[in-house]
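Shown here is one chain on its own, the form predicted on its own, set out as structure tokens.
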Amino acid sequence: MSKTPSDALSATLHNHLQQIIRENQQLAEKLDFDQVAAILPLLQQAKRVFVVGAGRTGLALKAAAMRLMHLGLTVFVVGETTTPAIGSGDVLLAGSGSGTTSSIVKAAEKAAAAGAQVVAISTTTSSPLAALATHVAVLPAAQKQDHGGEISAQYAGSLFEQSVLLLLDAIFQTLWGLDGTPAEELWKRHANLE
């Protein structure tokens, strides 16, 4: 019995999903969790948390901002019209695989100059963003210009972007566990104008 084109596409989709999951699992096994855990007290002690990222990494940070808001933190997304000035006691959570994205580096410069702490999630500690950061968590993923396929067979910075989302969800889950607020209480903070 020969495969139909639909069967072949289904098999290809399945294989790609398994590859994506496998790459994220391999990244998680290489992660320095002590380095990541150091982010938690910075978020807990922050007066306010600001998040910044570009492209798909920015979307992952926006998703994290929502979860941190559910937890009761005061959170702002850089670039939104209602985002206030950052200052002392605040934390800028910045995501950039290369650590060279100009808008993110500029935001980090301004945050540091205003007395805020900068927490970077990146693939490297050797970058302009890392130089400005109070703390850097390194995700051992390919940068978007790495087309060699040695670290990831996925396109561009896909593994980094996925791992940022997963890591920030793990940070939220850990903070939530420490906080102990029931899910029903967190849900009261969920947007109700949808």
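Note that the structure is predicted; figures quoted are calculated from it, not measured. In this text, residue numbers run from 1 along the sequence as written.
What follows is about the form predicted together with a further copy of the same chain, which we do not show.
- Among the residues Ala131, Val138, Met69, Ile151, the one placing a heavy atom within 4.5 Å of a further copy of the same chain in the predicted complex is Met69.
- Contact annotation: Ala46 falls outside 4.5 Å of a further copy of the same chain in the predicted complex, judged by heavy atom distances.
- Shown alone here, Pro84 lies within 4.5 Å of a further copy of the same chain in the predicted complex, counting heavy atoms only.
- Residue contact check for Ala120: none of its heavy atoms lie within 4.5 Å of a further copy of the same chain in the predicted complex.
- A residue is said to contact a partner when one of its heavy atoms sits within 4.5 Å of a partner heavy atom; Gly89 fails this definition for a further copy of the same chain in the predicted complex, lying far away.
- Contact annotation for 164 to 192: residues with any non-hydrogen atom within 4.5 angstroms of a further copy of the same chain in the predicted complex are Leu165, Leu166, Leu167, Asp169, Ala170, Ile171, Phe172, Gln173, Thr174, Trp176, Leu178, Ala183, Glu184, Leu186, Trp187, Lys188, Arg189, His190, Ala191, Asn192, listed in sequence order.
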